[in-house]
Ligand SMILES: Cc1cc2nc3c(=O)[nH]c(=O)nc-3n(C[C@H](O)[C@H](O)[C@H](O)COP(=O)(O)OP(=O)(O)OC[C@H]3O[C@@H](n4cnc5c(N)ncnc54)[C@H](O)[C@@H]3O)c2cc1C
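The data below hold one chain only, encoded as structure tokens and taken in the form predicted on its own.
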């Protein structure tokens, strides 16, 4: 009997476990998934909680409901991995032996990494929305906030779902307009990047959207600390950004056991080959999803595309055959824009987001780099797809590798915009319950 251990029962770990169980069942393998508890969170839903769009019951379910029959679930903390002994040491003192290991423990916000964030003002005037508790606290704060300077801030890259802070900003703008108090609130978007986003084409488009909404863009801001008494962000070059209400995205880091095991980089993300997803130093350890250090977006779509690549590569690797699958960095992201519209971007390691249609040429039905109502509906529909298709490991009719079908080169005349029905300005999320 051979043992495959998967550390992490979130999006990536669950998909990989279910896909491999279908392929390895009856072939002398046991598959074990380890996580700290039985709560599976639909993390994209956190974005809507501050605006009353989702409740805890809609985005938290039991992990065991989504793991295939025959997969063993172990609820425990992970203390460390001993690659030489091929052993996982758990917090309870138990150990698990493995022949192959998949690390899928994700990345998490670490507000303790920026001086001044944690303290008396934490979740009083300083908030996050990358945790469910943070998003719920922010929802309560929004009930009383009606004027002042609201700052959305990214501490450091990379972060999970890198478009989420932009989405949050657009949704805040729409929510304030719906309440009739937009003119009483100054909005600022503070980022360590040199523009609104990591890719120049998308950065220009998203930056223009911030400008249209009269959101101040503060770029190249490397935060040194937060002064909660004076309510200012302070950068290493001594610039300051004042706030009345700060929504920060803390430094994102991988799990602590990765550092204790000597398997990761300085941010505790597992170091792997960006194409095969195999560890750079250990021939029987893979990483998938947000846990790895691949230079792709830490997003659900990336975890899905990576899972397909990892499953095929692992099956070939355990048989001693060359791995033939290569992950190309494929990511596609819906960007909520407010007013019942969203943008869609599709890109990979080498190709910028381009205009066009997705997933089919001409037909679409989704438009790339355009704000449309259809894209917004696609964003809302993803929750159903997530629970019922992605997590169970069912096939999704989308190419794993980025396709140029339907895309236009920058020199190609743009697609004529589609007339959209006039929508009453509303913060998204009200339609998602």
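The model shown is predicted, which means the values in this text are computed figures rather than measured ones. Positions refer to the first chain, counted from 1.
Another form exists, predicted together with this ligand; not displayed. Remarks below refer to it.
query = 235 to 243, 221 to 229, 313 to 321, 158 to 166: which one contacts this ligand in the predicted bound form at 4.5 Å, heavy atom to heavy atom?
reply = Looking at the partner contacts, the answer comes out as 158 to 166.
request  = Could you tell me which one of 407, 63, 367, 383 places a heavy atom within 4.5 Å of this ligand in the predicted bound form?
outcome  = Only one listed residue qualifies here, and that residue is 63.
key: Selected contact from 175, 197, 327, 130, since only one has a non-hydrogen atom within 4.5 angstroms of this ligand in the predicted bound form   = By the 4.5 Å heavy-atom cutoff, the listed residue in contact is 130.
ask   = Is the gap between residue 43 and this ligand in the predicted bound form 4.5 Å or less for some heavy atom pair?
value = Residue-level check for residue 43: yes, a contact with this ligand.
query = in the predicted bound form, does residue 273 have a heavy atom within 4.5 Å of this ligand?
reply = Flag for residue 273 set to no.
Exercise: residue 353 in contact with this ligand in the predicted bound form, heavy atom 4.5 Å = No, residue 353 is distant from the partner.
ask   = Does residue 77 reach this ligand in the predicted bound form, with heavy atoms at most 4.5 Å apart?
value = Residue 77 belongs to the contact set for this ligand.
message = Contact check in the predicted bound form: 50, 153 and 247 versus this ligand, with a cutoff of 4.5 Å between any heavy atoms. Do all three pass?
response = No, the whole trio is out of contact, none within 4.5 Å by any heavy atom.
ask   = If you look in the predicted bound form, which residues in 1 to 15 sit within 4.5 Å of this ligand (heavy atoms)?
value = Heavy-atom contacts to this ligand in the predicted bound form: 8, 9, 10, 11, 12, 13.
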